[in-house]
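Only one chain comes next, encoded as structure tokens, the form predicted alone.
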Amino acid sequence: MKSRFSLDLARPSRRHWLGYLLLAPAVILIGLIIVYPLFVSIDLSFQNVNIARLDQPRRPFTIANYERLFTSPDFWNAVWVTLKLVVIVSLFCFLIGLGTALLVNNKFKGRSLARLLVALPWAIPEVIAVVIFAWMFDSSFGLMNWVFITIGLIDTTVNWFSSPNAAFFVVCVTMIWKGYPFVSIMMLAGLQSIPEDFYNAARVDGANSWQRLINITIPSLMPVLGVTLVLVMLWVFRDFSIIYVLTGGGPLKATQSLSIMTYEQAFSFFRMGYASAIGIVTLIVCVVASRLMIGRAPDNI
């Protein structure tokens, strides 16, 4: 005899419970990995904690970390550096990514190899890519100094990692090289979804290549462009390994982004309460920026 409290998942009115049961392990895992550390970070940001330990008693509530944060010149410098990186890297990633996607979308001999070469930088691990660029821009025997001297752009070798402007340039070049293949792949997927009849009708009407690009390609790619823009900007905003391995945030904090500042405060100066405040502010900025961009994007994103 079945108990009246038994859950019969075969009944149509209770089949949705099976979905909940199957999703429960994933939801619990996400809660343990993402939600719980997030609440711990929020709690730490309102405490004066040097080294966080789960077994230590909770410190008194304080907003001193946020008061110190918003009055710190280092924080506003990190915000400015992060903003410059987001604008410059995202812009060039989109220009290069869209250009390469339009190129490899055409039919020509060796197109498969060209597509592989376009996607190759995205497949290389970040640390390996950064080490390669560090050797290329080495002041003593780097390739870039030799190339620039050979073509006459400079007269003497440049110490790329000692000058603030030069170091920022190297970071931007490395991030653009690493990030544009993602844009290319997304744009190529969008280009292949555009019906060929659109272009045939435009050719019949006498539209040239530029007019087809402006009036057909770009409008058709707007949903993909919106999503890709959000993903690229968030990647640049939070990226840590490229900057840390190349410059460590220097020289003179010229490449110290918010992610680098958070790491330094937490694991170099052991100010984990203050670092948590930086991380929470960074998270809020990312959420607000993403919401604004998605809110202005087309409805079919």
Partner chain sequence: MLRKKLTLLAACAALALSTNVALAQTKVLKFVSWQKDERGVGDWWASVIKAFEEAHPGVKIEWTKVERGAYADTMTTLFAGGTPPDIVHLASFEFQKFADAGWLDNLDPYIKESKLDLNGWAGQDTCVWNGETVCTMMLYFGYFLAYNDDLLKKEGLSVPKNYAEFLEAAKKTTKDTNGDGIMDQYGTGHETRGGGGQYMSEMMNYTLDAGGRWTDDKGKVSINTPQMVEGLSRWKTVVKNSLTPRDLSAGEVRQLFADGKIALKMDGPWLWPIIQKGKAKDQIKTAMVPFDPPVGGSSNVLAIPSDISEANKKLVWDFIKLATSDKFQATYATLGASPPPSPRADVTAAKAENPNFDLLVQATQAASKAKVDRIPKGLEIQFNEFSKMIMEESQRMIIQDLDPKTVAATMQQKAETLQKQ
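All values reported here derive from a predicted model rather than from experimental measurement. Positions refer to the first chain, counted from 1.
Although not depicted, the form predicted together with the partner chain is the subject of the following passage.
Engineer: For the chain seen here without its partner, which of 105 to 113, 204 to 212, 143 to 151, 220 to 228 has a heavy atom within 4.5 Å of the partner chain in the model of the complex?
Structural biologist: Of the stretches listed, the one contacting the partner is 143 to 151.
Engineer: Please tell me which of 36, 70, 61, 269 lies within 4.5 Å of the partner chain in the model of the complex, judged by heavy atoms.
Structural biologist: Selected residue: 269.
Engineer: Applying a 4.5 Å heavy atom distance criterion, does residue 252 contact the partner chain in the model of the complex?
Structural biologist: It does: once the partner chain is placed as it appears in the model of the complex, residue 252 has a heavy atom within 4.5 Å of it.
Engineer: Does the 4.5 Å heavy atom contact test between residue 43 and the partner chain in the model of the complex come out positive?
Structural biologist: No - in the model of the complex, heavy atoms of residue 43 and the partner chain never come within 4.5 Å of each other.
Engineer: Taking the partner chain as it sits in the model of the complex, is residue 52 near enough to touch it, meaning that at least one heavy atom pair lies within 4.5 angstroms?
Structural biologist: The answer is yes: residue 52 has a heavy atom within 4.5 Å of the partner chain.
Engineer: Taking the shortest heavy atom distance, is residue 195 within 4.5 Å of the partner chain in the model of the complex?
Structural biologist: Taking the distances in the model of the complex, the answer for residue 195 is no, it never comes within 4.5 Å of the partner chain.
Engineer: For the heavy atom contacts within 4.5 Å of the partner chain in the model of the complex, list the residues of 86 to 119 involved, in sequence order.
Structural biologist: Residues within 4.5 Å: none.
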